[in-house]
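The chain below stands alone, shown as structure tokens; this is the form predicted alone.
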């Protein structure tokens, strides 16, 4: 297992993500949420995205670093919504490696990679800080 502690604190270059109406509707369908606010909007006609929609955004890649998909386990996901996201918004999304640590279990050593994802809308408002833990076996 390679030593990943050197990437703690590294942040990806921000990636612009446009929030599209069709993608929001398909996501709401996929999670089985019939709330019309995700399809036709609120009283003002603004369509809000489901709370976990930010999981679909591209947060970029760390320079010179990639993970093999074999042996990866999605350990935990935390969504911290700070400002609503609407169809038509453009978010600047990035990701920072917050921590890397190892644990031993019955099946051997595992590496835990803690990532913080952030999205800032076109008005400069931070919409979310998500935290994901990925387990590498």
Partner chain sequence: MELRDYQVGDALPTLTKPPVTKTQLVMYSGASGDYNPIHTVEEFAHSVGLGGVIAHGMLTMAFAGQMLTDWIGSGGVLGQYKVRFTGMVRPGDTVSCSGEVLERIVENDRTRFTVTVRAVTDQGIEAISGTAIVWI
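Fair warning: this is a prediction, and the values are worked out from it, not measured in the lab. Residue numbers count along the first chain shown, from 1.
The same protein has a further form, the form predicted together with its partner chain, not shown here; the description that follows concerns it.
J.: Have a look at 35, 109, 90, 40 for me and say which one sits with a heavy atom within 4.5 Å of its partner chain in the predicted complex.
T.: Checked against the cut-off, the match is 35.
J.: Any chance 26, 52 and 79 all have a heavy atom within 4.5 Å of its partner chain in the predicted complex?
T.: Yes, because 26, 52 and 79 each have a heavy atom that approaches its partner chain to within 4.5 Å in the predicted complex.
J.: In the predicted complex, does residue 60 come within 4.5 Å of its partner chain, counting heavy atoms only?
T.: Residue 60: no, not in contact with its partner chain in the predicted complex.
J.: At the 4.5 Å heavy atom threshold, is residue 74 in contact with its partner chain in the predicted complex?
T.: Close contact exists here: in the predicted complex, residue 74 approaches its partner chain to within 4.5 Å, heavy atoms only.
J.: Contact with its partner chain in the predicted complex for residue 56, defined as at least one heavy atom pair within 4.5 Å: yes or no?
T.: Yes - in the predicted complex, heavy atoms of residue 56 and its partner chain come within 4.5 Å of each other.
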